[in-house]
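In the structure tokens that follow, the same protein chain appears in two forms, which are kept apart as structure 1 and structure 2.
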Structure 1
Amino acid sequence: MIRIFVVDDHQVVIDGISSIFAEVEEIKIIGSALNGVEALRKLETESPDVLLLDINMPEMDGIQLVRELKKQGRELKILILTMHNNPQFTKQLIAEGVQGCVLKNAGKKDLIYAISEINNGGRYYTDAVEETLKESLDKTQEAINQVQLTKREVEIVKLIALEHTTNEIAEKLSISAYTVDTHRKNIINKLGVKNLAGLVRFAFEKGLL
């Protein structure tokens, strides 16, 4: 029996999922919550095998909930159920160690398969999500190749866009602040932008973050 805890800000979605699994012997819904804050409170006394989680929710969204659970040392298996096939979301999920993502228009069989895979220690990102992510990564790499950024320069662009200071970047990459400044000037010249704002805009538009 796979025990599921559902977190979604729409009660109708929770009711729908509960209805789907009511006829599935190997899966049982043991609880639900309408946002991340409520989920944290309820998960103090619940131990699901898989957390079925939406991304966009009030008070605390899905990504924030995942990070908070990690801070608490909770190693839950997580399947994101979302209507948004957004490569930036997907990159965040992968970076946070989320095991899977299924779109809300998925069929019953796909959802059951995803839950089973994750419960057994696997990963499952639905084909549509993987295809969108691959297209985004290809476009990002194409942009990097066009302006001929080095691997180090890409790292620095990302850190600048994430608002790290020169000294923080230097410490993180084990290089001098002078070297960071030199890289930054070279990057600005390669991108043909006027300032750091243009550099940050490039990072966001090309999906570097």
Structure 2
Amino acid sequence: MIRIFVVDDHQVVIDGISSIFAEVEEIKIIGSALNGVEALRKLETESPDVLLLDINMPEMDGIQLVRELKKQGRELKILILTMHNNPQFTKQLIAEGVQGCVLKNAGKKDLIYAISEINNGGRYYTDAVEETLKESLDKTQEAINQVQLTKREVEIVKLIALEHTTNEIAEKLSISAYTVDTHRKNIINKLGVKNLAGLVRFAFEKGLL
């Protein structure tokens, strides 16, 4: 019997996954959470074999949660559920030591297979994920290091994505436009993107919007 804990910010997905496994003998859902913070709290008292984790979440995203759990020295296997097949993320995830990754457009069968594989000490990456990964493996290696935006930076990313100009943001936050400029520059550097478009794209991929 494999004991699973599901973390996903969409209740429908949690309910769905629960229902899928309700009819599967060897797998049992022992709990779920709608975000990273809730997951951490609940995992204090629960100890699943496999953690089924969504990447794109508000509050604390999947990667942060993985880090926190590793930091606590938890011995559990992690299977990532992701929307976008983004090599940037996948690389980061592997670096963080997760055991597998399936796209949300995978089917029930794949999901069950991935979970058993992982529970038996294996690894599982959807074909598509693996392929995209290989393609981009030779590219910028330093991009792997942790991209962590500060609270203020996240705030500014959101405002930019919502079409506010530097001046508007400055006024809204009651700070100098120069400061907003500086933040924007820092963000672009941190994310390794080229311009505003990349920044907005990131905001989406990261689930900030």
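Sequence positions of structure 1, starting at 1, serve as the residue numbers. Treat the numbers as computed from the prediction; the structure is a model and nothing was measured. Take the two forms, superpose them, and find the largest set of C-alpha atoms that agree within 1.5 Å; that set is the rigid core.
Remark: the form predicted in complex with another copy of the chain is the source of structure 2; structure 1 originates elsewhere. After superposing the rigid core, the Cα of Q11 is displaced by less than 2 Å between structure 1 and structure 2.
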